[in-house]
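Presented as structure tokens, the chain that follows is alone, the form predicted alone.
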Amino acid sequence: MEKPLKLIIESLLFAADNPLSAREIHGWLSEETQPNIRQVLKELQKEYDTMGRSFVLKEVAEGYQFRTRSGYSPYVVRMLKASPTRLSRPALETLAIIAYKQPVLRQEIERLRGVDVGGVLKVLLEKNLIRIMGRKNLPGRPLIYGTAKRFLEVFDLKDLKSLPKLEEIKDFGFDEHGTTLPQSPSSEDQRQSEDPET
């Protein structure tokens, strides 16, 4: 008996370690068209979204993957007995520069950060968050860096266009280089500084 396409695709998504795109699924189900597969993926996404389960089918890294809803992630972390991999502030700053300026050279990153980033780049490469995109046609043929697919997975992004705009980042109190912007003192702070007894 022929299995329903929706259930076949669902089984592939459950078994996969990485997000699956319609193109990848088509490689295993060549008798189906990519538009048909995309339609089924959208239907599954909508179904899981309305079911109110602890997980959803999310479009990340140009593919689809089951993801735990954020409210339940602490329990999963507890079960795995491991805290999520944390990045240092220098690593996050370097990653932000690469994400927004890619393709980018190490020299450009160091000019923006004002420090050597060799060690940080090594860590980001080991974690598969960035990749070497090639070499620039300059003396010494310097390496060109960009984000890897894993970056999109970790930060729950559909694609690079999903990155917050720089204006949105400024709204959160950060400048375009990820540095915290100084807060204007509140009226309470001003009153306390004017009061000689405080």
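One-based numbering along the sequence shown. These figures come from a predicted structure and were not determined experimentally.
There is another form of the same protein, the form predicted together with a further copy of the same chain; it is not shown, and what comes next is about it.
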| item | value |
| --- | --- |
| Residue contact check: Tyr64 to a further copy of the same chain in the predicted complex, 4.5 Å heavy atom | no |
| a further copy of the same chain contact at Arg131 in the predicted complex, heavy atom, 4.5 Å | yes |
| Contact label in the predicted complex: Thr33 to a further copy of the same chain, heavy atom within 4.5 Å | no |
| Interface membership of Glu47, a further copy of the same chain in the predicted complex, 4.5 Å heavy atom rule | yes |
| Members of 48-64 lying within 4.5 angstroms of a further copy of the same chain, judged by heavy atom, in the predicted complex | Tyr48, Met51, Gly52, Arg53, Ser54, Phe55 |
